[in-house]
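Here we start with a single chain on its own, the form predicted alone, put down as structure tokens.
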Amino acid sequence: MNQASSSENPALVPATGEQDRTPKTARGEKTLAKLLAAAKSEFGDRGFHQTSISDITQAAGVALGTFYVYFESKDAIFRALVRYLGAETRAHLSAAVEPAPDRLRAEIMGLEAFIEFVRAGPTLYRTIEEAQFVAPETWRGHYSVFAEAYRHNLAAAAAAGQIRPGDDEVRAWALIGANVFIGMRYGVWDQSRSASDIAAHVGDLIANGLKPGP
């Protein structure tokens, strides 16, 4: 798990109405990272309702009282984890597509990286999808942040002449939807096909659509 400091990771900024419990020391940041790593494992394996705070603290190797220094409840650490997972995923994909020469190639490289990322940690889907019912506002925020970044990248690519202009917000949500379900199908349900082959087929669809060729 990427143990970025709270000052660098927006996932650790408290949600509206939550007390700011941002650690002020390197030791505190390390403890917080342990709690989030444990929460990632426990929520991913057991689910929200079957996981207790003591499960998380035992997995993290910290005292139960230490938990409340950083989070006021199980709900709070779950919301923080969803934000953290979103930031972690975006950072991974951003690094993966950085060498891409243009937007169309970035789509292929990004999807391939996402499939591999999901295969390495398939519990990501369980946590994010469970958030739809446990923390719906955080769940919507998870995808909204992705969509805004996607919209910005599409607009920049259109301005550079790499793709044709269009409604970047609608296209961003359409591409996110495709990526989410491709990741579920080939990252979680069935890992028998190569991520690069799947990404190439989706890239062809994005670049050429469904219209018959000349």
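Start at 1 with the first residue shown and count on from there. No experiment lies behind these values; they were computed from the predicted model shown.
Unshown form predicted in complex with the DNA; subsequent notes refer to it.
Asker: Which pick from V170, A156, I176, V69 sits with a heavy atom within 4.5 Å of the DNA in the predicted bound form?
Answerer: Checked against the cut-off, the match is V69.
Asker: Which residue, Q132, S94, S144, S73, has a heavy atom that falls within 4.5 Å of the DNA in the predicted bound form?
Answerer: Spelling it out, the residue with a heavy atom inside the cut-off is S73.
Asker: Is it the case that P23, R27 and A63 all touch the DNA in the predicted bound form, with a non-hydrogen atom of each within 4.5 angstroms?
Answerer: Every residue of the candidate spot has a heavy atom within 4.5 Å of the DNA in the predicted bound form.
Asker: Answer yes if any heavy atom of S52 is within 4.5 Å of a heavy atom of the DNA in the predicted bound form; otherwise answer no.
Answerer: S52: contacts the DNA in the predicted bound form.
Asker: Can any non-hydrogen atom of T31 be found within 4.5 angstroms of the DNA in the predicted bound form?
Answerer: Flag for T31 set to yes.
Asker: I need the one stretch from 147-155, 180-188, 52-60, 162-170 whose residues put non-hydrogen atoms within 4.5 angstroms of the DNA in the predicted bound form.
Answerer: Correct option: 52-60.
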